[in-house]
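Below you'll find only one chain, the form predicted on its own, shown as C-alpha cells.
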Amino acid sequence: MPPSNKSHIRKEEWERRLHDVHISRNDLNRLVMDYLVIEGYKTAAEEFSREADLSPSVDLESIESRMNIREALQRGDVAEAITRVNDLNPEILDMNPALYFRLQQQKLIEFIRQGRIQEALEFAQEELAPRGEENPEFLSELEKTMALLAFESSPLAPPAIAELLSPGQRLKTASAVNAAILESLSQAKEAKLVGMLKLMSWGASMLEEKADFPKLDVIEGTFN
C-alpha cells in the first residue's frame, strides 16, 4: 500500500489553532438568541434576552403563535393548526399549495390512525384526489398514504409507508409549517447555528481528504 500523502495534525496543535480564533461574546449571544427564536423557545428566549442584555430581532409573542400551531400538529389536530395558520396569515396557505396539500395529507393520516376509514376514504376522494390529478407529486404522496389502508398495522408494511404513522411524520409536517411561517415573517427558515454546523461538517469532510485531524463529537463536545 503506497504511503499516505495526508498531513497529520496533532490534537494539541488543533486545539491551539481553535483557541487562536476570536469570537466575540456578543456574536455568540446572538447565535443563541437566533436559535431560541427560530426553534420557538419563547420562555428561554425571554430569560436569555434579560441575562445577555440582548434585544431579540422579532416580537417574542409571535413565537407563541408558531408553537401553538406546532403543538396542534404534534398531537394530530390538523384542523386547529390550519385555523391558526389562517388566523396568523391566510396568504401562507393560499400561496403555498404544496404546504396545504401536506397538511391535508396529514389530516388523512390522522383519520387512518384513528380507524375512521370511511371518513378517510371520503376525505381523500373529495379533498386530495382532485389535487393529485393536477400534480403528479401530490398523486404519488396520496397513493403512498392510501397504502396505509392495505397494510394497517402489519409489520410487513414497507418503511416508507409505515413511517407515515410515526411521530416523526407529524414533526416533519410541523417543521414545514414553521418554516413557511418564518418565511412569511421575513425570517430565516433555519437557525444560523444549525447552518453553521452543516457548514462545519462539510468543511471537515473536505479537509479529511487532505489531512488527518481530531474529529469533533458534537454530542459530547469533545475531540477524538
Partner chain sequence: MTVNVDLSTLKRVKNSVIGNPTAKAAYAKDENFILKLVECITNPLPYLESSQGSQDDIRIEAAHVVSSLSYGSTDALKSLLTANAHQAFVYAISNLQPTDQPALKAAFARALKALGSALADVVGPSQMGIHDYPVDLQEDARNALDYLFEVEVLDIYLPHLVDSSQQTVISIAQLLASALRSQPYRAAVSEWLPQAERHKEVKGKRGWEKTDTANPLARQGGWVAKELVSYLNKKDSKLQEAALSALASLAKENPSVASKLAKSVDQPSPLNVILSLCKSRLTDLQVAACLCATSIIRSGIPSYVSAEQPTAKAAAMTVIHSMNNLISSDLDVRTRTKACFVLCHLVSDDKDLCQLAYERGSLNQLADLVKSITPSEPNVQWDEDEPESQACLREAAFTTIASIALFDNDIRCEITDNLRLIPYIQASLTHRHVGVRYSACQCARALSRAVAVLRTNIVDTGLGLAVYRIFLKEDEDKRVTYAASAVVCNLVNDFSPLRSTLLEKGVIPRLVHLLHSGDPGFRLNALWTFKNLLYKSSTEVKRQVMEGLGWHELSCLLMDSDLSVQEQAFHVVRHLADGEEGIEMVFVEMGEQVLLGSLSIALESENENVVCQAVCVLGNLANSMARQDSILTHPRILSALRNCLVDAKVEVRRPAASCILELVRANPHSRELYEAGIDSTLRHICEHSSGLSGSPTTRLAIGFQMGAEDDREVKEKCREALQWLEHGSDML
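All of these numbers come straight from a predicted model, not from anything done at the bench. Numbering follows the first chain given and starts at 1.
Missing here is the form predicted in complex with its partner chain; even so, the following discussion is about that form.
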Is its partner chain in the predicted bound form near all of 131, 183 and 186, within 4.5 Å of a heavy atom of each?
yes
Give a yes or no for residue 100: in the predicted bound form, does one of its heavy atoms lie within 4.5 Å of a heavy atom belonging to its partner chain?
yes
How about residue 145: is it within 4.5 Å of its partner chain in the predicted bound form, going by heavy atoms?
no
Taking 4.5 angstroms as the cut-off for heavy atoms, does residue 106 touch its partner chain in the predicted bound form?
no
For residue 95, is any heavy atom within 4.5 Å of its partner chain in the predicted bound form, or not?
yes
Residues of stretch 117-149 in contact with its partner chain in the predicted bound form (4.5 Å, non-hydrogen atom)
127, 130, 131, 134, 136, 137, 139
